[in-house]
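Shown below, as structure tokens, is a lone chain in the form predicted on its own; questions about how it binds or moves come after it.
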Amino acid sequence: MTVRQWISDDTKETWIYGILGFLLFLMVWQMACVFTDFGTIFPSPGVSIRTFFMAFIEPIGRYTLLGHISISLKRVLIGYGLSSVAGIIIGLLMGYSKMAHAIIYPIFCIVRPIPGIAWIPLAILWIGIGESTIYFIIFMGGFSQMVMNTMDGAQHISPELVGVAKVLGAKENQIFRKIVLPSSVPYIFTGLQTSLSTSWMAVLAAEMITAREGAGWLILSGMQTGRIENNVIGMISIGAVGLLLAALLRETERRLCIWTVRSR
């Protein structure tokens, strides 16, 4: 399958409108820098873009921009991957098993409203300052969304379909593998998308507190050194990589869940 075949017409149209919107944003930004005092406190698009590309060659701190992005991406994928696996398992258990729901759900209701960044003080106290702390904060940032969406998928299984399967002699494990799990896939992908965005927000906060490298650290270094360009570089990096990952995830869902209305 070629790249042209992989990218749908709807995706192409979305990208075109997105690029036009981005160009309009740059034009408004430039006009604000030229005709108002905004340019005295914030770099112009030209300066920001030039600094952004120069950062791929000239290191900021110990790494170039590509190195910082790679570190942040690695952290997010590890924390996000762990939270996704744990969230899917617990969500399926609570959605399919009444006993598991009765045991886990009250505890989950306490944890669910707490944002990932609120765990930073406890994470530092329990784990210390290091990579494990960052992974934990990212994990907590995406965990609740994954659990909720997966649980909703497992709970919205047609009772008639399950009843027919039992009449035909299907066992519980067969019902789970053949009915519950496939029917929950669109909801799981929705949780993956939502969890990804919260994981990116969590890595930004975690790197500003406990890291010495990464896209989030770039923002902190810009504040400490007075180089607002570093703030812009960090923000652009997180936004661009997050956008690409979200687009890839949506396209993967569209391909894998083409039979469902939810994935269109």
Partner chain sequence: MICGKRYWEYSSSTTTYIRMMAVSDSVIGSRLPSSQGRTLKEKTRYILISVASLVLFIVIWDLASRTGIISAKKLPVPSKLFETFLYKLTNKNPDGNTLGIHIWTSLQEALIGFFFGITIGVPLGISMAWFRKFDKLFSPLFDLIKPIPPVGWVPIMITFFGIGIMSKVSVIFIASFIPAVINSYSGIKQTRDVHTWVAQTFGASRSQVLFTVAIPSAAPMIFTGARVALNGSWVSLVAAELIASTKGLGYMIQTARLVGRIDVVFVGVLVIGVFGAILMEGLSYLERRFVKGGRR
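All values derive from a computational prediction rather than experimental measurement. Take the two forms, superpose them, and find the largest set of C-alpha atoms that agree within 1.5 Å; that set is the rigid core. Numbering follows the first chain given and starts at 1.
What comes next is about the form predicted together with its partner chain, which is not displayed.
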| item | value |
| --- | --- |
| Interface residue in the model of the complex among Leu73, Ile90, Leu82, Ile124, criterion: non-hydrogen atom within 4.5 angstroms of its partner chain | Ile124 |
| is_contact(Phe56, its partner chain) in the model of the complex, heavy atom dist at most 4.5 Å | no |
| Contact label in the model of the complex: Thr252 to its partner chain, heavy atom within 4.5 Å | no |
| Exercise: Asn231 in contact with its partner chain in the model of the complex, heavy atom 4.5 Å | yes |
| Close approach of Gln145 to its partner chain in the model of the complex, 4.5 Å, heavy atom | yes |
| Joint contact, Ile110, Asp152 and Leu220 to its partner chain in the model of the complex, by non-hydrogen atom at 4.5 Å | yes |
| Within 4.5 Å of its partner chain in the model of the complex: residues from 97-136 (heavy atom criterion) | Lys98, Met99, Ala102, Ile103, Pro106, Ile107, Ile110, Arg112, Pro113, Ile114, Pro115, Gly116, Ile117, Ala118, Ile120, Pro121, Leu122, Ile124, Leu125, Trp126 |
| Core-aligned C-alpha movement of Leu66 between this form and the one not shown reaching 2 Å | no |
| Rigid core superposition, Phe56 Cα moves 2 angstroms or more between this form and the one not shown | no |
| C-alpha of Ala205 off by 2 Å or more between this form and the one not shown on rigid core | no |
